[in-house]
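Just one chain is shown here, as structure tokens, and it is the form predicted alone.
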């Protein structure tokens, strides 16, 4: 933690408790978010990314259960543990302090409400006066790259990219300090995807907010993230400055993700990752990546690797280090 830290996640664990089994979705995850910083959280489907994001807002519902850890937010009124907030405090915290563009955001708008009504309801609920709301809707839509004419539209009248921009405007409507983008470009074509990423980065700079960008596509965070956390089987496999993660990856899983990216600039063979992630409802003996790893050795099969520093600010959970 530093003096610029705005959120601190400490040893966070989340389970999904079902009648016949318990799924350990997030296990002992720790990370910091600093002011004005872009944090990338990357991993395959089922790695725990979205569960982690929902915990930041205390939005987990049954059968999700927080087993341990803290999510500490450093706001204008001091620090507080989000996981211990009462409902009244959570209502002020959500959208006003930390906001979120949800996964499948194109389907998250109410289909029978005009855009202006959806945005207005959020603003009024969080303390904006009704005479402020009208002008602010136009302002937020403009920030997101839309014209004020969009406010009278229903969601079905908008393209996928326009709906995504509306969700960005909606998420930013109450001036949050942190914006969480959970798979914010999924299902968009590459041109619109690039436009959305460019818009998010501009808004990050213009509004001086922190951005947590969650994706399964490691190539998306290459040019936008300051720090990257690579998740696998509910844990952080590697974390560090973005340039080090991409220029000098240390964990075999990170290397495999990067090797699976096709390149238009140079000839290289694209190599997929064999096998599938482990079943998180079963006890995992040893390294969770061992069955898919090309560098596996005996210690990997019996001992769980700890997240260790391999260089300043760069960590990897792999037995290849400290042998």
Partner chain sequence: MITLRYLIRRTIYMAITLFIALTLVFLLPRAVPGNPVMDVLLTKYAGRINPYQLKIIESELHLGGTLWQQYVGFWGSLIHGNFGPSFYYYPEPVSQLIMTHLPWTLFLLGTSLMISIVLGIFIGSYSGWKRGASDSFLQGFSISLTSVPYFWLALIFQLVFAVLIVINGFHIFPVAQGYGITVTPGTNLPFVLSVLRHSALPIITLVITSFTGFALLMRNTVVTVLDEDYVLLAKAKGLSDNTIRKQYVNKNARLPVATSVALAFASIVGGAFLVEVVFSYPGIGYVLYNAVTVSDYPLIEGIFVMITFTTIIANFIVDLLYAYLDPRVVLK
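Positions refer to the first chain, counted from 1. These figures come from a predicted structure and were not determined experimentally.
Heads up, the form predicted together with the partner chain isn't pictured, but that's what we're talking about next.
- Only one of 24 to 32, 56 to 64, 293 to 301, 280 to 288 lies within 4.5 Å of the partner chain in the predicted complex by heavy atoms, and it is 56 to 64.
- In the predicted complex, residue 138 stays away from the partner chain, with no heavy atom inside 4.5 Å.
- Residue 78 falls outside the set of residues with a heavy atom inside 4.5 Å of the partner chain in the predicted complex.
- Under a 4.5 angstroms non-hydrogen atom cutoff, the partner chain in the predicted complex lacks residue 73 among its neighbouring residues.
- Of the heavy atoms in residue 170, some are within 4.5 Å of the partner chain in the predicted complex.
- For the candidate set 152, 156, 84, 129, a heavy atom within 4.5 Å of the partner chain in the predicted complex is found for exactly one residue, namely 156.
- Residue-level contacts in the predicted complex: of 100, 214, 209, 231, one residue has a heavy atom within 4.5 Å of the partner chain, and it is 100.
- Contacts between 114 to 128 and the partner chain, taken as any heavy atom within 4.5 Å in the predicted complex, involve 118, 121, 122, 125, 126.
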